[in-house]
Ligand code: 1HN
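The chain that follows stands alone, in the form predicted alone, written as structure tokens.
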């Protein structure tokens, strides 16, 4: 962050020339006088640089298909990924200040090489079959609507065994880990570029079949420094849980969060994953929370008002809600929105804050996708 320092007024302690000289001498030895920048640093509420934004599937998918035909997946590039670049972040390839979001694509019979890194990642499958992600030796089959975890420093690669394409959403805590100066990356040291395919797939799914995989609403108090040992969460189970909750309430929005079946904490120490189901013809109350979120429209269509601006969305569209910007959702037909956020970090630091606004936002504009 670049902060412009303006000399303050002359005071009883010295004339203006002396004060100007003090500021010059401070700058010469890399010191900053707090009294000139307090209001920029300690704001009454969060002032995120990221802006509300939407990336449409109609724009992303054709570009991803062009990339499949033009850009090979191999060592060096590692992944064929189109990252969501928020216009408010000055060219940095991040969706919001704390989260990376992207669409990743795999072409027929391709293998994306194995590697590992300190940033944790999640994959939410949008389209395609016959692909698996191998996470530390466990081959997790990927189907539309499934959530697959690739936690911090777990080896992972992606393999296609079919002639079709696969598209999924990537969410990473990369901006957070980078801000902590904690990014480490390693290429797989094995004889090949990918981990050996195991005899059995989906081992963690069978090993951790018990326990509760979802909570209604969101995790509010449970924290864990470890990630979930369950690597894949199936859409059939997620949808069934949403159906069960919807049958018991008339609320316009039903939310479930994926959790570690053993601890009840969010699936990763740094990221929470959830699905919001919006009933057809209904509108949710406007809510704002400290922290950032990326939304992926999986099924259905509707609109969200974010900070007074309306964003229309449909299947495959992705949009962001920066910290402390109010958001409300409405659905033309029943819609399911996948959401990844930095909520666990805010809870761990004791600075989590959520507020429901008493009235719907006044719409001041409608977003037009590029």
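Since the structure is predicted, the reported quantities are computational estimates derived from the model, not experimental observations. Numbering follows the first chain given and starts at 1.
Keep in mind the form predicted in complex with the named molecule is missing from the figure; the text below concerns it.
ask   = Does at least one non-hydrogen atom of residue 84 fall within 4.5 angstroms of the named molecule in the predicted complex?
value = The answer is no: residue 84 has no heavy atom within 4.5 Å of the named molecule.
Residue 126 within 4.5 Å of the named molecule in the predicted complex, heavy atoms = No, residue 126 stays farther than 4.5 Å from the named molecule in the predicted complex.
ask   = So in the predicted complex, does any heavy atom of residue 104 sit within 4.5 Å of the named molecule?
value = Close contact exists here: in the predicted complex, residue 104 approaches the named molecule to within 4.5 Å, heavy atoms only.
request  = Considering only heavy atoms, tell me if residue 174 and the named molecule come within 4.5 Å of each other in the predicted complex.
outcome  = Looking in the predicted complex, residue contacts with the named molecule include residue 174, since a heavy atom lies within 4.5 Å.
key: 79, 117 and 158 each touching the named molecule in the predicted complex (heavy atom, 4.5 Å)   = Answer is yes for this spot.
query = Just one stretch in 217 to 225, 245 to 253, 263 to 271, 109 to 117 has heavy atoms within 4.5 Å of the named molecule in the predicted complex, so which one is it?
reply = Result of the contact check: 109 to 117.
One residue of 170, 138, 241, 257 in contact with the named molecule, assessed in the predicted complex (non-hydrogen atom, 4.5 angstroms) = Looking at the other structure, the residue within range turns out to be 170.
ask   = What residues, if any, in 84 to 100 have a non-hydrogen atom within 4.5 angstroms of the named molecule in the predicted complex?
value = Residue within 4.5 Å: 100, and no other.
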